[in-house]
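Listed next as structure tokens is one chain, alone, in the form predicted alone.
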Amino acid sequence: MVRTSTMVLNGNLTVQMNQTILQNGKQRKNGHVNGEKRTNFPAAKGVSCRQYSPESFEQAPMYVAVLTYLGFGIVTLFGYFRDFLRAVGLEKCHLAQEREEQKEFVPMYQDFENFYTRNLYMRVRDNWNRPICSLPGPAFDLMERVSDDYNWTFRLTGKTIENVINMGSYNYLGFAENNEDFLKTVADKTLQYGVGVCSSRQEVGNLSSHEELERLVADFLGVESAMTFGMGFATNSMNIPALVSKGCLILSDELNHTSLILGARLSGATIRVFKHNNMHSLEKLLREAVCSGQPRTHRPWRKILIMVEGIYSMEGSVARLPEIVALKKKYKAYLYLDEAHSIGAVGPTGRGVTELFRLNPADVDVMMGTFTKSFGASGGYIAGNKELVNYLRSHSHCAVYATAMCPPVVEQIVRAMKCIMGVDGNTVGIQRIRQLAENTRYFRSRLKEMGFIIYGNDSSPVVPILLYMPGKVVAFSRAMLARKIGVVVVGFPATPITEARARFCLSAAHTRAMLDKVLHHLNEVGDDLCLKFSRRKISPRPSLFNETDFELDS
């Protein structure tokens, strides 16, 4: 049985692909093949399907979900028991509580949030906020700490855990470095301007370095103009309210970052959420918005803004940008693209998902990104046409009131971006981009061979390994640190309650020996903790690709 599906691409809805429903004994249902959800990106005009990798969201066996809920249930019951002991004075509570004379007031501390923190998070707090005492490069040093009161407080022992392989930092291209030859221009700029500006750019904080950086960013992205900000989080949260307000509609992906969510809420606009990377869900909301207008009055929306990320930081998935662009053109909406994790990390020359899909940057109305990941610095940018940027210079709170980016950070971004672009006369930047892509493919393929369930796109340097059960999350983090591997583990409420995970971030600075060591210990820990939940059979032969080029109808 064969089904013909229509893919949206570059404003047209006429790219046809044949999908076999029953193929090699595998049954496809609701986008899943034998429990594994796969999403194939459409190819751009004249581009082979080989260029775009599928996304994997394999479902765990049912018993895993049952045991996960059971684990949370047991911990919650123990939490209520300990709260009872605190209420009768048999156990001391170290967390914030309502003052006795304010018992009749409206509670300042939310009950369940406080319950979760004191009874669940505190038991495992040693797995987060670990203090490092070295450069956060491919390896770092940790300050050893212990707790004498079950993680309520910590004390440093004075010892250092050295040469821990860093698998958690967003150092995608390895520019978080202290090579004095590379950082000479940064040192010179520090001597010339100092380390702070002490003013906003609209007053006396606008330096020639800031203007040089903005011209460089615009040239790198292939847009008319760009504007930079000193904080990546504020780039989203403070600029979105300047772009939309009451009477506008924001269509937000359900897995968008907190900074996007906060900016949307501060704007006063109506917010509607579509399912992650689900074009049917997005188009349904767009069609409803255009046909029905605003609630009650049915007046047309002043603006409709679609907000997505290039690479989603918890899933490792890539936005289906060609289809989103087609939908936004079809329904006359605006597109806000957050490339915090994708700029510098994907695309043949590191220019993000627009380059990955060979799209015209002008198709994205608002391009946002940060310098905290691939560029080894801090801050963010908004890029697009000149009218957009000039408007934000006078209307964005982040532009009017925030202190300008400090000169050493500006120079670090400039030198990293010039290195990526090759304008400094060497090929180090492009070599790092290729090394990151190679490390990403190697690491992901080996994890799949071992039997771990991993999420995301094969091109994404963000690699989540699903751990599911709360007890295994804690045991995994401690076991990896004991093997001198630093990992980031994430659970509820940052993820769905049944999808706790460890998030690995690959870097061009990771050597093959480092990755092999990490994979060796992952294999051991995975066996010890029974973390290999994948039911997918991996063939020892390389995958076969369909070489057909899909062309757009003229």
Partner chain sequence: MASGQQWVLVEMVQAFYEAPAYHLILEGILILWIIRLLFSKTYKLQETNKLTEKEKEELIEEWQPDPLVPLVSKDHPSLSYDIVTGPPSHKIIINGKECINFASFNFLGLLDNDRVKQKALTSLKTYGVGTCGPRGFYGTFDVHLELESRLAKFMKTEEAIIYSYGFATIASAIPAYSKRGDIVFVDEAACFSIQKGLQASRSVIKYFKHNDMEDLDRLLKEQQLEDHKNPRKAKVTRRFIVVEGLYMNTADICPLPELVKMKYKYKVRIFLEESLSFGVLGEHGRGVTEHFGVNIDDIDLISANMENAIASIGGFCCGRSFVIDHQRLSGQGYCFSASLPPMLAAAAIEALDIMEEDPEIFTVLREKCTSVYHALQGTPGLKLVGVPLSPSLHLQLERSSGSRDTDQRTLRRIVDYCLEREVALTIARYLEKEERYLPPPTIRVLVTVEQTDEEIQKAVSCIKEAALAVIS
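Positions refer to the first chain, counted from 1. Nothing here was measured: the structure is a model prediction, and the numbers come from that model.
This protein has a second form, the form predicted together with the partner chain, left out of what is shown; the following refers to that one.
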Fill in: the partner chain contact in the model of the complex: R265, any heavy atom under 4.5 Å
yes
Discussion item. Residue-level question: is A509 within 4.5 Å of the partner chain in the model of the complex, judged on heavy atoms?
Written reply: no
Discussion item. Please tell me whether any heavy atom belonging to E211 falls inside 4.5 Å of a heavy atom of the partner chain, as the geometry stands in the model of the complex.
Written reply: yes
Worksheet item: How about P300: is it within 4.5 Å of the partner chain in the model of the complex, going by heavy atoms?
Response: yes
Worksheet item: Just one of F72, F154, Y331, Y442 has a heavy atom within 4.5 Å of the partner chain in the model of the complex. Which one?
Response: Y331
Worksheet item: in the model of the complex, which of the listed residues (V473, A399, C419, A340) lies with a heavy atom within 4.5 Å of the partner chain?
Response: A399
Fill in: Interface stretch in the model of the complex with the partner chain - options 77-85, 135-143, 345-353, 431-439, non-hydrogen atom within 4.5 Å
135-143
Worksheet item: Which residues, if any, of 193-207 lie within 4.5 Å of the partner chain in the model of the complex when only heavy atoms count?
Response: Y193, G194, V195, G196, V197, C198, S199, R201, Q202, E203, V204, N206, L207
